[in-house]
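First, one chain by itself: the form predicted on its own, in structure tokens.
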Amino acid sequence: MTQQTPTIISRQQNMQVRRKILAVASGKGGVGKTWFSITLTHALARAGHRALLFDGDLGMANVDVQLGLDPVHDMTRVITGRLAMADAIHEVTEGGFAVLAGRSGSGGLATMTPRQADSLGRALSAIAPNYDRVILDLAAGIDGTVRALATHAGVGIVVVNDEPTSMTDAYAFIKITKQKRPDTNLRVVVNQARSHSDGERTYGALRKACESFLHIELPLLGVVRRDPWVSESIRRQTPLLARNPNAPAAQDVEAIAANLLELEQA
């Protein structure tokens, strides 16, 4: 019994760390996944939680671009072993959260192997205890590096909109993720919806497909309405919750953040 105790503690600690990490994914690009990741991280920070946003889009990183950041260090130096991950963290003073930035268009990041991505995920898990929440903004798609990073998260948030390609690619992501790791806790966010009711109908179509063909339940985490303030804040390279916290999309993401916090307490 005494010899087994360290293993039990290690597993418990690993589960605690995984619960802190939320992976934001999408089957295809162009659904507003990175904007949502930024805004969700900001919303969690505004709720009083120490939050870290990790730009896991290893080939087309653009969290720094959307936030107007010019960080001294980025993930390129971490991956090449020239810098510890903790030393690459950049504090976003306007948002009150931290960022691990990538480098847009970096070939070295785009050609990472799943094993290297898994190693990166382990490094992220090692610093996760320093934060209340870690948001992992994954690349669009379902390739090996995306799946390797996603395994380090306790919750997967699949962002989808009402475009047919978004729906079919999100379904493919959900199917493969559940096949590889059946215990994955996946939830859906419908983005760019004309209204809450339209967003719920989009979710209903995806849920029906998952129930009929995959035999899984896929809870809805929330709906984010289409909002001109979103594109305006991106152009200004300013977080929406800093520029206009009363905008419809800002309120929707804050409601989603509140739902996440309630789920953890349930």
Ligand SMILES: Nc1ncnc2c1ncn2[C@@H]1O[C@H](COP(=O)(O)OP(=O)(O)O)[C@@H](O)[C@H]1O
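Computed from a prediction, not measured in an experiment: that's the story for all the values here. Counting begins at 1, following the sequence as shown.
Below, we turn to the form predicted in complex with the ligand, even though it does not appear here.
Taking the partner from elsewhere, no residue among 54, 90 and 95 has a non-hydrogen atom within 4.5 angstroms of the ligand in the predicted bound form. In the predicted bound form, at least one heavy atom of residue 191 sits within 4.5 Å of a heavy atom of the ligand. For the chain shown alone, residue 234 is a contact residue for the ligand in the predicted bound form, at least one non-hydrogen atom being within 4.5 angstroms. Under a 4.5 angstroms non-hydrogen atom cutoff, the ligand in the predicted bound form lacks residue 202 among its neighbouring residues. Among heavy atoms of residue 64, none comes within 4.5 Å of the ligand in the predicted bound form. Just one listed stretch, out of 212-220, 22-30, 194-202, 46-54, contacts the ligand in the predicted bound form at the 4.5 Å heavy atom level, and that stretch is 22-30. Residue 224 is the only member of 205-224 with a non-hydrogen atom no more than 4.5 angstroms from the ligand in the predicted bound form.
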